[in-house]
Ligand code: IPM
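To begin, one chain is listed below as structure tokens, in the form predicted on its own.
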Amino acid sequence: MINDVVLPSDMTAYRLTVLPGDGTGKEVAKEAQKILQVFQEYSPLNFDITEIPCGGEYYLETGMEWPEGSFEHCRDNSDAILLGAIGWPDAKLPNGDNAGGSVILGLRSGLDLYANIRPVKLYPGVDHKIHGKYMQVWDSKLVDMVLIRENTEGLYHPLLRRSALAAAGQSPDEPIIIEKFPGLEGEVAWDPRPISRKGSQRVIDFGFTLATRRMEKTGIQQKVTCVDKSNVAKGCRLFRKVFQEVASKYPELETHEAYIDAFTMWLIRSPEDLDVVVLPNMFGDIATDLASVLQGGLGMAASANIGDNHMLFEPVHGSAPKHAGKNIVNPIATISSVQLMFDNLGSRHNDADATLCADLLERAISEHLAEGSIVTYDLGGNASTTEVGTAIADRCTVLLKEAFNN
């Protein structure tokens, strides 16, 4: 059943769909909605919220990954989508895919959410796993980058396509069949890795546009780095070729090119050299999880999935079934995903109030972490999920009253 929660206001509301998902996803989603309630009460922002159950647990209970009509609702009746997390042990579809996968993967592909944005920022008060307390001279300002992963092509394309068709209630495509691979014998499993000019250009364009926006906002010179394996793979050669073409249109921005294997070393060794990074799908998936250690771990890692017409926001971490129901996981990745949502709503709709709310929420998160007294186990504390969410919500209340004279 799809539950609509419409909060009255004299202003037009953004239509927000919340997908709590599985396990700890439900717990962090509650804290995100706590933040939303504060902004609805003390700022001009307003949301018509629809909550839809989904995921592996829902599949085990009902035989469906989410209620009928859910994809269409997300497509036709949502200005933004907020996801908790998807995945549950032993919840498998008949074809072997993880139950719930067609929710997130189907939305990414079916709504053409081609740019996966993952900010990597180390806040004062947070020690990451490589420097931090081990190097007293380490400055949190040295980690402030955005990794942009192409989100609809590459090695994930067949699964994304299959998930999109399943989410829309359509039959999957016929599989591509190759009878044999010269030089290989016995059982062979393989995955195609298509990378197109169109897919590359739009995500790289997105990266340069974001870098321009960052430079205008901060006054700090920005560099855009292309990461690929163009010395080996044809798809990566096309990706780099398009990068060079797009870069020529932005002479005011610095550019750099790197192979993925060397980049993983530079990412950890010299994060201060990185501002905006664009990567093909699989390389982006791996590099962004690695980058999370620079900001304190996956509990701090937010993300946005952006297309021309739709937006979905989610923490990078999974549903963590072993921690489910314990009220101990870090909700800040999800709360930071709400901050990304405010920022992107402001940019897309030219909504200065939403942009200001994004800035205020980031300030609340930063001040909360700098104080450091209420943090979860992954950051060295013993606070509960609920306590962290409440503390940040209370801080937002104070900031919003000051900003909007409430």
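All values derive from a computational prediction rather than experimental measurement. Residue positions are given as counts along the sequence shown, with the first one as 1.
Unshown form predicted together with the ligand; subsequent notes refer to it.
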{"query": "Partner-proximal stretch of 230 to 238, 262 to 270, 68 to 76, 101 to 109 relative to the ligand in the predicted bound form, 4.5 angstroms, heavy atom", "finding": "101 to 109"}
{"query": "Among the candidates Asp285, Glu257, Glu254, Glu245, the residue which, in the predicted bound form, approaches the ligand to within 4.5 Å (heavy atoms)", "finding": "Asp285"}
{"query": "Selected contact from Tyr156, Trp88, Tyr123, Phe206, since only one has a non-hydrogen atom within 4.5 angstroms of the ligand in the predicted bound form", "finding": "Tyr156"}
